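Coming up is one lone chain in structure tokens, specifically the form predicted on its own.
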């Protein structure tokens, strides 16, 4: 058999080890890994001398703003940024225009993404008061999971009541899909923001004051209880505080199917950076005091936090630099800079390259039902590869990133370690730091997702069950 591509002389990285090996690729998948002499003949040979070969990162939290906000980002620019960042699969959030809350809107978004994407993708369905009935159709239409906004953020998606959340969890639990949660309690934040605004307080620290850690502690605790009761699988997005680690760990100890992510800005930035980049650092939830960083790092390394994501949330410079913090659009680009920032931490000794692969690729693939097709380099897996040069010095420049959003807290940041080639299903989408002609190569990963069988609990108490029982009782009475 002749391979399409054989990569020689690289160091292949898994969550457990680093080995000197060659990789043969055929029809978009890994054909073999081993000694160079054991590789088949190939149409193309690539020399990866001096490079570490990682399974491509899976970013389960991006906002590509398409459709609805093309001036901020679209699928072409966002996935180009992913390719430059060694990210080979992205999960896009539903707060676009219109929100991804019906099967028809989902189908249209699939078409848009498939026509533009350089990398593979999954699409979230919106889970809220008015989309519960659409859950079956959204699952049939190919969502990777669901997103529930417990707290207000960009797009002003209404936050469901606790009653609606319970019913939504009841409906999603039997599907086996995971529910990602923006875990901040909305009514606490709204009350505090209104009081701050009424007092004329509008500096960037006011945003932090409106969202103290208790909003996350309460939200994570409440979501975990509802998941425990229903058997729904949940994922806590953008963990920003040391305080919310306790309810996360306690829920895991109770057997709740709960996972969590954090982002580079919560690991590497703090309130000490606010004045360095006024307004730019504004994000939901906020970047907090430096005391939170060490506990979040520890939780990431001990597995309490399962993965790294980015919450890539692009906006224009004008939208990020308004004088009134309440009018600043929260978020900034991150899908291109996550891997370089984390490789820099590998070089600094904060974690090993194997740790990084586990939290950036292996765990996301396993948790979202994509393993072993994604998240690993082994025979049969998709040949999603990031080849990185751990010794390469680089300066992050906003003006040079692929995202349409040219403003971030990382401008001028000096790092060591950079992805130099990225492959998606065996095809170079970025080579020698140059984007390939691969627009439209990305495809939805929902077709390969295989979640474990659901563990539905207390179904007899669900809204469906109790209304069906009452309706049947009325019919019998009338008869």
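Please read these numbers as outputs of a predicted model, since none were measured by experiment. Residue numbers count along the first chain shown, from 1.
The same protein also exists as the form predicted in complex with a small molecule; that form is not shown, yet it is the one meant from here on.
Quiz item: Using 4.5 Å between non-hydrogen atoms, is residue 374 touching the small molecule in the predicted complex?
Solution: Contact check for residue 374: no, nothing within 4.5 Å of the small molecule in the predicted complex.
Self-check item: residue 357 within 4.5 Å of the small molecule in the predicted complex, heavy atoms
Solution: Heavy-atom contact with the small molecule at 4.5 Å: absent for residue 357.
Quiz item: For residue 186, is any heavy atom within 4.5 Å of the small molecule in the predicted complex, or not?
Solution: Answer no; every heavy atom of residue 186 is more than 4.5 Å from the small molecule in the predicted complex.
Quiz item: Are any of the heavy atoms in residue 154 no more than 4.5 Å from a heavy atom of the small molecule in the predicted complex?
Solution: Close contact exists here: in the predicted complex, residue 154 approaches the small molecule to within 4.5 Å, heavy atoms only.
Quiz item: Which residue, 251, 365, 299, 330, has a heavy atom that falls within 4.5 Å of the small molecule in the predicted complex?
Solution: After the contact test, the surviving option is 330.
Quiz item: Of the residues 127, 385, 232, 313, which one places a heavy atom within 4.5 Å of the small molecule in the predicted complex?
Solution: It is 313.
Self-check item: All of 26, 378 and 425 with a heavy atom within 4.5 Å of the small molecule in the predicted complex
Solution: Result no, not one residue of the spot touches the small molecule.
Practice problem: Determine which one of 430-438, 60-68, 33-41, 416-424 lies within 4.5 Å of the small molecule in the predicted complex, judging by heavy atom distances; exactly one does. | Solution: That would be stretch 60-68.
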